Every structure is written in structure tokens, then in C-alpha cells.
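A single chain, nothing else alongside it, follows as C-alpha cells in the form predicted alone.
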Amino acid sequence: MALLDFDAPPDHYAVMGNPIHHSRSPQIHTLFAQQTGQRLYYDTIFVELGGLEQAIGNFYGSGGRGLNITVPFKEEAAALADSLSERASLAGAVNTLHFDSSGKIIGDNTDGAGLLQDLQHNLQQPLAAKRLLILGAGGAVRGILAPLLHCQPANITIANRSVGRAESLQQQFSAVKGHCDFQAGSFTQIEAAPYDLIINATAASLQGELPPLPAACVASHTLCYDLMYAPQPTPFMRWGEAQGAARAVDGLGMLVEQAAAAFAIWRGVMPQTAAVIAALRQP
């Protein structure tokens, strides 16, 4: 054995966003690495608006292996990638980046897969022939729309403060809507009738706010699902509970599931998620 026999440093991964201090991704990927015997470390990187391209370049230049991308950079990351997976190309948004042997940036989107795994497997929420309401029209919605449409719900309505942005998504994804009644409008145009699933994909929860919603959207069978996650119930979750929803949950399950899919892209092994979700639910 050589006198100086050091192990190579662990592979570096991170999540980039703004804000990013609240992220639980480092804890999730650390648990995945321990579970699967992978040698890596994962941290958070705060990126100033307008600074994503440089931040990605700096990360790769320092030996970084892969990135998660969160709000508000998912669409910009798609534009910066040298190539995109089919699902990322359709979404026009990226939440997972890795680099090939020549340094090319490969973009993927695991948000939709993570959401469906949480809804259908963890929460046992059927989607076929159901009425869905999606609040928001940003990068997160781009990642989940096609997978939701492929589940053949009866209706999906996108509601957003900016009607034009919602209508743009409606047009972009019309080719994959199948027989789904696919609509778009403003918050004030939301039909005052019960939905089976309401997904809050706005950033309102980060500011402790709530999109304007008619109470009649919620019935005793409704699942209110907030893509955001927090130690305490979000304003949207509290609103859903107050209206008598069957369940009101945050996006922690989706976060873990989409992270597992990203981990598999990077490391070639799919971690088990149930124990990780349970660990993160501990107070």
C-alpha cells in the first residue's frame, strides 16, 4: 500500500433555486445514498436571478456530477440544456441535469413521475375519469401536465392569475389531452363545483398566501394537494380542511419520489422511498 493512499472524493450533487434555504433535498439524497451504498454528497446552491448559466458552469467546472433545479429556474434550465429527454422536451421545463463524458448538459424532468407515484401509489388516489383543478401555470405545472393527461381524467382545468399563461399551456399540451376536457382560465373563472383533486402549484404557500378559490370546489371526497411542503400545514391545506376535504396533503411525497427518479438517473439504482418519507415526517 502506498504511503499516501486516499480515496477519491465523493461525487458532488446539488439543488439550485431561489429561494433554496427550505429545501430538504440534501437530507433526502443523503438517506438514499446511505440506503443504496452510494458515495456522494449533496448540498443547496442559492442562485441569483439571471445567474443560472454561470452557476451551472461553475458547478460542472468544479467537478459536479448532477443537479436538481427548482423554482424559478426550471424553464430556463430547459433552454440551457444541450439535449432533453422526451418528457423534458414536452414539458419545456427541467428539474434534473447531468453531464455526459464531453461535458454536455442533459436535461430531464422527473416531477410528473414523482407526482403520479405519490398520488397513485402512496395516497391511492385514482385519476382516470376524475375532475382535476390545477392552480398555477409555471414550470412545475409544465412537468406534471402530460403525465396527468396520460392518466385519462375526465377534466383538467388550469387556473392562473395570468390567463394568457394558462391558455398557452392548454395549447401546448392539447396534442396529448386525448379525450380529456382540457380547459384554462383565471382564478375568477373557476367553476364553483366539486373537484376530485385540486393541486396547488402556485408559489403562494411560500409567502403564506392562498389563491382565491370558491369553497364549492371542495366536497367530502376531494383531495387537496399542495406541491409545496412545510413543517406545518400550508394555507392551502388549511383551507381545504376547513372546506371539508377528504384529505389535504403537502408535496413531501412528490419531492421524495421525484428525487428517487433523479437519483436513479445519476446513479443507476432506484432507492426505496417509503422509509425516507416516514423519516422526513418525523417531528
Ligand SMILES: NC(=O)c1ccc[n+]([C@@H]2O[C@H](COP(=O)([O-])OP(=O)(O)OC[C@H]3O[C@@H](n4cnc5c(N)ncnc54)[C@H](OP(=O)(O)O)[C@@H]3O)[C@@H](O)[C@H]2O)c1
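Because the structure is predicted, anything quoted here is derived from the model rather than measured. Quick note: we count residues from 1 along the sequence shown, nothing fancier.
There is another form of this protein, the form predicted together with this ligand, and it is not shown here; the text below is about that form.
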Open item on the list: Would all three of Q183, L223 and A245 be in contact with this ligand in the predicted bound form, where contact means some heavy atom lies within 4.5 Å?
Closed with: no
Task: Listed range touching this ligand, judged in the predicted bound form by heavy atoms within 4.5 Å, from 54 to 62, 213 to 221, 31 to 39, 228 to 236 - done: 228 to 236
- [ ] Let me know the one among T96, N160, T157, Q117 whose heavy atoms come within 4.5 Å of this ligand in the predicted bound form, would you?
- [x] N160
Task: Position in contact with this ligand when the complex is considered in the predicted bound form, options A204, V176, I105, A113, heavy atoms within 4.5 Å - done: A204
- [ ] Give a yes/no on whether P147 approaches this ligand to within 4.5 Å in the predicted bound form, heavy atoms considered.
- [x] no
- [ ] Consider A137 of the chain shown here, and say whether it contacts this ligand in the predicted bound form, taking contact as heavy atoms within 4.5 Å.
- [x] yes
Task: 4.5 angstroms heavy atom contact with this ligand in the predicted bound form for G251 - done: yes
Open item on the list: Check E209 for me: does it contact this ligand in the predicted bound form (non-hydrogen atoms, 4.5 angstroms)?
Closed with: yes
TODO: Sequence order please: the residues of 175 to 200 with a heavy atom within 4.5 Å of this ligand in the predicted bound form.
DONE: F187
